[in-house]
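Given next, in structure tokens, is a single chain: the form predicted alone.
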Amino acid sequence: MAAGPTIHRSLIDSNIAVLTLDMPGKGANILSVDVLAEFEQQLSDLESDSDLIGLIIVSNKPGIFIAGADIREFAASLDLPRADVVSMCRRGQQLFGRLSATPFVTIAAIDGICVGGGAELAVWCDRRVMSNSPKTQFGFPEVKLGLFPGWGGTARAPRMIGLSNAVELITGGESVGAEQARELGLADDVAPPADLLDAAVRLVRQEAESRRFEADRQRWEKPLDISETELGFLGATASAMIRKETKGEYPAPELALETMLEAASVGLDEACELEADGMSTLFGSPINAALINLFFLTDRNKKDGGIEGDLEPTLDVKRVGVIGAGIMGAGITAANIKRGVKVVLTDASADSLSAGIRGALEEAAYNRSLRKADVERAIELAPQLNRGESDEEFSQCDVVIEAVVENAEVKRQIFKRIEGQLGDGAILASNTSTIPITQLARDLEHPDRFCGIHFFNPVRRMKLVEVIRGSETSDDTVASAVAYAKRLGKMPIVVNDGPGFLVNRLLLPYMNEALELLGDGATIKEIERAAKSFGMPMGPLTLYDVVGLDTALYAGGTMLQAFPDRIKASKILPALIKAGRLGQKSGAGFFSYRNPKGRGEPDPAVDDLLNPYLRAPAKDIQPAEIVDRLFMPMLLEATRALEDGIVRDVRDVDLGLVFGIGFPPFKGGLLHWADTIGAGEIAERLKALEELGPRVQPTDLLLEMAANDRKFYDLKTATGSKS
């Protein structure tokens, strides 16, 4: 319940009403049930005022118009019957529809974010004026929650901006800025934020005189003017594009397309009925529930400072040192200079350093629309990056991150050399992916100011960062590292120390099991297909090739040493490495990449290398068993990580795997997926695998949950949490 009213009414020149949205105690306006009730009452009051010539809707929140509906209310209603969902949609459509039936013109004056339900409210208005602020974004992101617009967006938008444009906007879920909105016909005017209200007032007066909005209202009530041929072509091409993007795993974009195509030949009200009916098939579905869970995971992460309590980080990171100019070092460098953080980059090899500087600038200046680096942007960023020639240059750095070879002794030598150069309060960090932080901090004078800051490859695309707390890492160091990662636009999760930390600790059993499946007679094709059918972005054997077989073998050795009872020492990787097959970087691994496009292709030569390591007789392994063998070891390792207190909250496991390894978002995360199955069912499925030994043996935590019918998300705090 809001602390007070959200909508405030005022008048301009006695005949133009202004409704100003300002949700008390919140950083954004959202369309909760209470706010919608307020809006309904305000409309009722205004409709009876015969002196009005226009209504303007504005926000008093800086950079936010309306951030959509209240997702928490959605989450609490996921078990609604279909008929109730239809009614919910129809009520919203009819409420917003009153904006297009008033005796006066209605205008949305948009400054900042206008998405979801906010965008639907705006398209029911007769006109829209947008500010030219870079923060102004308009969009329908509902497909990212497994839904599509349900308050008239699919019915109204095609009639305003054309079916093709509406299909792209709604099925893609991406937002557009003010100028693009004007090109599409969504924005009738664009003005500086300070002039936005004046521009809206001018538009009210123009429309009150011309009455053009009344003609548009009549036109937008009718079916679309589009031929069957055009409709068929648009449907075929859009459907193909959607299937390519979603791989058939996300039904919302396809259903949104079908709904808009069907609604093209009917009137607006019938189009709204089709929309409500379509929404009722999506709302509360497992995919909708999973994606809403993911929304809450990311929302929680934005607010999480990384430690318990309200400690504010003392370090304001303005300058960073990066040691190691390889792929990871260059990627970390690029992430910093893109966000205005100066970097000193160094490497033991002058040639590697030169290549790293070039790579960092190219990556930081990468332009998605150009599909290459923007040369002007690279020149603009160049002063942010300095070539480090001596250790003394790190003395002015707030954070220094080591990103060299994954060798504990090499790293410790670097830390010993660098630590004395750092200023008071500066953080020394390692980008290690597997080596325990406490072990690396062994000889440091200030282990309290040392932590892991583990970026994922490729840094440009991967949002996750693990901030690893060693046994002596201070709260201030953790909080400062978390704040720094967020400044780079990343999602940091705080992880307590241990081999592989969180993500790699859970990933290695999955990858290791793929090798065991090969040994048991499953084919490369069968393993890859099972993983991708489950929803992984690539199969585990392709992942070996991407990571590098030699790198994976080294990381696996760290895990084998830590957990010898459940990590199997496969002979397959050493055999492929001996044959010079290191993965993509060498042109061949489990697949061959020696083709013009560099894409992985089956390679018969691999079979000859694998044959000596196949266990006889080979088993006939069904796809369902392959899936269980790949993902049950990962899940069991997650329960052990919870028992060990590796994470502060069980939800960090799901956030880490979705944004760290691409665990299918439509499953909501590993533990959310497990909760949909149930601990009891998981324990039963593990019985069929018990011959595999300790790696698939149910943990005490899983058995306790099965006995008491508990869910992972009921645990909230990790069972052995140290922080």
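One rule holds for the numbers: they count along the sequence shown, beginning at 1. Please read these numbers as outputs of a predicted model, since none were measured by experiment.
The protein also exists as the form predicted in complex with a small molecule; that form is not presented, and the subsequent description refers to it.
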When the small molecule is placed as it is in the model of the complex, are Val405, Val410 and Asn457 each within 4.5 Å of it, taking any non-hydrogen atom of the residue? yes
Find the only residue in Gly470, Gly583, Gly324, Gly116 having a heavy atom within 4.5 Å of the small molecule in the model of the complex. Gly324
Taking the small molecule in the model of the complex as the reference, which of Asn496, Thr136, Thr171, Asn431 has a non-hydrogen atom within 4.5 Å? Asn431
When the small molecule is placed as it is in the model of the complex, which of 285 to 293, 507 to 515, 160 to 168, 449 to 457 ends up with heavy atoms within 4.5 Å of it? 449 to 457
With heavy atoms only and a cut-off of 4.5 Å, decide whether Thr523 touches the small molecule in the model of the complex. no
At the 4.5 Å heavy atom threshold, is Ala365 in contact with the small molecule in the model of the complex? no
Within 4.5 Å, heavy atoms only: does Ser349 come near the small molecule in the model of the complex? yes
With the cut-off set at 4.5 Å between non-hydrogen atoms, does Ala373 touch the small molecule in the model of the complex? no
